[in-house]
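A single chain comes next, written as structure tokens; it is the form predicted on its own.
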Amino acid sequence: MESGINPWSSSQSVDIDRLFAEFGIAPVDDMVTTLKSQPSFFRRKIVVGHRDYAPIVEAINSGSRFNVMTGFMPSGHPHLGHLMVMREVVWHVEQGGSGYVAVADREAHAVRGLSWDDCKRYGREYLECLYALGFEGTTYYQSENEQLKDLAFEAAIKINFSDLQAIYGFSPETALAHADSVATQVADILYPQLVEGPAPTVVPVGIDQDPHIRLTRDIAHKMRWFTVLDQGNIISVRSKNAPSHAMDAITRAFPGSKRYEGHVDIPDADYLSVSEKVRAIEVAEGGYGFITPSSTDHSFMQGLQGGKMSSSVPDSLFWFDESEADVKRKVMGALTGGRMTKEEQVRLGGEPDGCPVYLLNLFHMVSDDEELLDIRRQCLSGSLLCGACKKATFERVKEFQRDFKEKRDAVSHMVV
């Protein structure tokens, strides 16, 4: 597999530095410095990378229109590993974004073999969790959205099997339904612009989902009718198999332009204003005019036993509706960054950066930065021992679970 990533795997490790170097994911630090307020996932370096996030930052700061979109494959009950993406989506909605969430039941049915009834049942739980966290916006099941299916068909025209082989490692044995689910995911990401018109769209994902983002950005470009090129004193609008009536509209829109067989040259024009006008004409004449979608990429929280958090390793995580006794057993039995003995811990201090318990607090359970910094200082100094840290962490988890259950119960009627 060219990318080295299988987005459907539950056991892989991801080399973040390699992804940055080879596939163009950019560090997010400098990009978010102009945000008026930064959420904890930016402040704490949980979101580590992005693709073209600048238009989203600009939209947030200026109050202009943008979308936030993501999807969840309902292959099981929602759990701790899904919480970060949910919170990222909700935060972007709070910043003014139009929210869209897909329940990827076609993907779950094709890739995981789940029944449609199970997809529906698990999907309801995901949506309930989102609403409990404060999500507002559009939600849908892939299998029930006819507009989405039509868009997926159009997107599939621009996808060939060499793309799928290079990006995902598909082979002759790969089921066609699996390939179709990829086209549907592309349509998911572009769907907000189909509904509301072209606008910047951000897709918060775990970094292992970057192959979907790369493919969709490519397809969004291929589905455009026109390419606009800045050639110095001339802006050239190039047709990509645009219908003749659209070319006629471009010519009419720019008096003084010169029409050729496959392009229109506009002298002494501004690139950005031409680009926006061309996009509007494309949409008015029946095209899509898609703006290439953006993404934020978050790092993975380790499982409670170290390694990747995965539902196939039950002790690596907890489910949101899991019993208090089971959650306590998992947290109290978690791997830590402590030393071999109490004496060594006091003398040398702990190692919080590799500790799943500390990371549980950093990612989700401690909202106050100063409180988190104090936990880190105490761990490093040896004054906070692992047993005491686990007990305090479990109390935070217990409070979170109880509060989250109450909120889910309060919004369950919203899931139709």
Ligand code: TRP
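Here the structure is a predicted model, which is why all the values come from computation and not from measurement. Numbers follow the displayed sequence, beginning with 1.
Another form exists, predicted together with the named molecule; not displayed. Remarks below refer to it.
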- Item | Listed residue (203, 220, 247, 266) with a non-hydrogen atom within 4.5 angstroms of the named molecule in the model of the complex | 203
- Query: Of 278, 152, 104, 90, which residue is found within 4.5 angstroms of the named molecule in the model of the complex when only non-hydrogen atoms are counted?
  - Reply: 104
- Note on the structure: Here the chain appears without its partner; judged in the model of the complex, the stretch of 307-315, 207-215, 249-257, 234-242 with heavy atoms within 4.5 Å of the named molecule is 207-215
- Message: Does any part of residue 127 reach within 4.5 Å of the named molecule in the model of the complex? Heavy atoms only, please.
- Response: no
- Item | 4.5 angstroms heavy atom contact with the named molecule in the model of the complex for residue 71 | yes
- Query: Heavy atoms within 4.5 Å of the named molecule in the model of the complex: does residue 193 have any?
  - Reply: no
- Is residue 185 a contact residue for the named molecule in the model of the complex, using a 4.5 Å heavy atom cut-off? yes
- Query: So which bits of 127-146 sit within 4.5 Å of the named molecule in the model of the complex, heavy atoms only?
  - Reply: 142
